[in-house]
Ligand SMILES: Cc1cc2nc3c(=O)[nH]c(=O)nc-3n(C[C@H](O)[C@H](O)[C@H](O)COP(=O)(O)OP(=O)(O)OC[C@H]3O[C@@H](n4cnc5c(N)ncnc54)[C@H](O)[C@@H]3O)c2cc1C
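To begin, one chain is listed below as structure tokens, in the form predicted on its own.
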């Protein structure tokens, strides 16, 4: 969609080819459905764990079928408003069919040739299936099929502790299931935040077995996951959340001269062009970071470069400076910019400060101090390199962090910038102030 809009704004004629459901991963099976279900589960969990003794609340049994129906209604509405109606407003056709490249210079849709100056492959990704003994013999859920269940399972084992595994674990735990994660928890997060998150999951009743799964067995009544150490984990249902792979089946990329890497992702240069100069790729299929805003940025860049006077000289490229990310756990786990490990890998001397949420007034008044904020700065210049947070609304904080990183602000700049009180975003200013002075601070100082 981003590529089509950019191309139309540049004056080109455009056709979008979709073999599945319009809207792709984000609106249909990814961001939108998962976050609305997480919000529902969070509402129930909030009622069950209400910290305010003067306001009694209760949380009864969840009706997952009703929540899924409400989710489906939201998805259908957004698919129409944000995709079909947008295509109509910009004046490009959405053609239903299967596209493939029979040779390097031809594109076919259901066997009919379609002529174009350039093609952009934006077919996204799909849940990956690990090479795990016994997995092919058992019924298991993916992040897609889990969000179609009509009933909350009594118990659920999740293989994979990344962002999908963590979100799905809390979703079902907050709806009343007994959940066990098998795998390393939050492998990409800062270790200080992961340690706090372990405590959060333990409080939520989510058991975390930080070992690699080696085999799966079971029946319709029970699934058993065996770990590398021989430990056995049982549950009524199994969800596999070990990552996603590029969706390229049936495209004929090899015959089109489009190179893919060892993971099956389409190889592109900094201008999103593939090894075939007439074909570009953007989004998850190109191995880019799997965020909808990265896919959109890549789509715009691909379209601009495909229409440039000299396609061999990219006119645009994606700038990843200050790239934010959010895992919609409760509290949220979010980041912008570099991790401490990445800063060191890049040869930067860095200093870090960690602010616990019991030093943040907003967290105190909400009676939820689970979490922390970590700020990473260049040791020589004080320039902000990364911000990481585990907090209620941490994702909202990352917009300010991204702006600060892209603007080249130092921690002194951040400490001296206005921050509204009482907000969680104020923790950025407080954490930056720790580079000057690590003594306790007053609410009003």
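Positions refer to the first chain, counted from 1. This structure is a prediction, so every number in the text was calculated from the model and none was measured.
Keep in mind that the form predicted in complex with the named molecule is missing from the display, and what follows is about it.
Looking at 122, 253, 238, 166, which is the one with a non-hydrogen atom within 4.5 Å of the named molecule in the predicted complex?
-> None of the others qualify; the residue that does is 122.
Name the residue from 422, 10, 15, 21 that puts a heavy atom within 4.5 Å of the named molecule in the predicted complex.
-> Selected option: 21.
Which among 341 to 349, 111 to 119, 196 to 204, 287 to 295 is in contact with the named molecule in the predicted complex, heavy atoms within 4.5 angstroms?
-> In short, 287 to 295.
If you check in the predicted complex, is residue 244 within 4.5 Å of the named molecule, heavy atoms only?
-> Yes, residue 244 is a contact residue.
Looking at the partner-bound form in the predicted complex, is residue 303 within 4.5 Å of the named molecule by any heavy atom?
-> No.
Using 4.5 Å between non-hydrogen atoms, is residue 259 touching the named molecule in the predicted complex?
-> Contact with the named molecule, no.
Heavy atom to heavy atom, is residue 30 within 4.5 Å of the named molecule in the predicted complex?
-> Looking in the predicted complex, residue contacts with the named molecule include residue 30, since a heavy atom lies within 4.5 Å.
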